[in-house]
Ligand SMILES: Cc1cc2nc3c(=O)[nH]c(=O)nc-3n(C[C@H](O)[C@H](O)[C@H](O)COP(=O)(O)O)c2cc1C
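Consider the single chain below, provided in structure tokens and representing the form predicted on its own.
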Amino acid sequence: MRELASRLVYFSPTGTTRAVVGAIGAGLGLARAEDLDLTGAEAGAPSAVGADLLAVFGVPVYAGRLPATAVDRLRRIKGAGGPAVLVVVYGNRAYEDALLELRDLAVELGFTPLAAGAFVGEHSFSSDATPIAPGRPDADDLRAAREFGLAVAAKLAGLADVAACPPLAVPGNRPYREAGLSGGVSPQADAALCQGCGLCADICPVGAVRLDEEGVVTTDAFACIRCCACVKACPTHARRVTHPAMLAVAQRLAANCHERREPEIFL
């Protein structure tokens, strides 16, 4: 088949998904079109991905599903029948229906899924007190991602026509599982530690964190998607998970999901 370039499309508040799809892109060895980073609060302008591009979609898993914010932003992308690689990154518990949801969405948007993978990244709720896949993706994960990219490139080289590929089968169930924690739950700032730098507000993918003119940080708990990017980025550790519901989830996952899970590949 004709030579393709690749385009990475990702939603990655804490950077783990971006790292995984970046390694896959390196393994593909194809020319790279500009990435479509859907993470920032300003992201989401409509975009078309031509049939001459291999789209690599990367999305984190929140409670076994794709984040609604990511889905909304992905819906602004239109394909033209071109091939797609689908990647979900989960926090070492389970990805449940997320990969199937991403496959269904990719088809709806006009792409032809060729391959998929589920990789592990440090959980959003992970901390020193409740470690959940800390430091992942690690060197082994990124090596596996590059090897996955190589395998996809080999598959592409052997294809005469993308449209002739059989439907890609991935795990999951329909209807998809219910969403996780209800609204009104979010990390908060410890005023005694906060220096008013505004990094938390800058990094929030949905604009839920605000810094006023007096340097006071406020959080809209109902807008928060609990990605905890603000917690992981705060230079003074002023952003904290203090809500009992979030703490209970973190403690349960740290206790029950410490056995290492490895990437799963579907070609």
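Heads up: residue numbers just count along the shown sequence, starting at 1. Keep in mind it's a predicted model, so treat the numbers as computed, not measured.
Although it is not shown, the form predicted together with the ligand is what the next lines describe.
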Only one of 194-202, 222-230, 49-57, 209-217 gets a heavy atom within 4.5 Å of the ligand in the predicted bound form; which is it? 222-230
Taking heavy atoms only, is residue 188 within 4.5 angstroms of the ligand in the predicted bound form? no
Using a 4.5 angstroms cut-off on non-hydrogen atoms, would residue 152 count as touching the ligand in the predicted bound form? no
How about residue 64 - does it come within 4.5 Å of the ligand in the predicted bound form, if we only consider non-hydrogen atoms? yes
Is residue 112 a contact residue for the ligand in the predicted bound form, using a 4.5 Å heavy atom cut-off? no
Residues in 119-149 close to the ligand in the predicted bound form, defined by a heavy atom within 4.5 Å, in order: 121, 122, 123, 124, 125
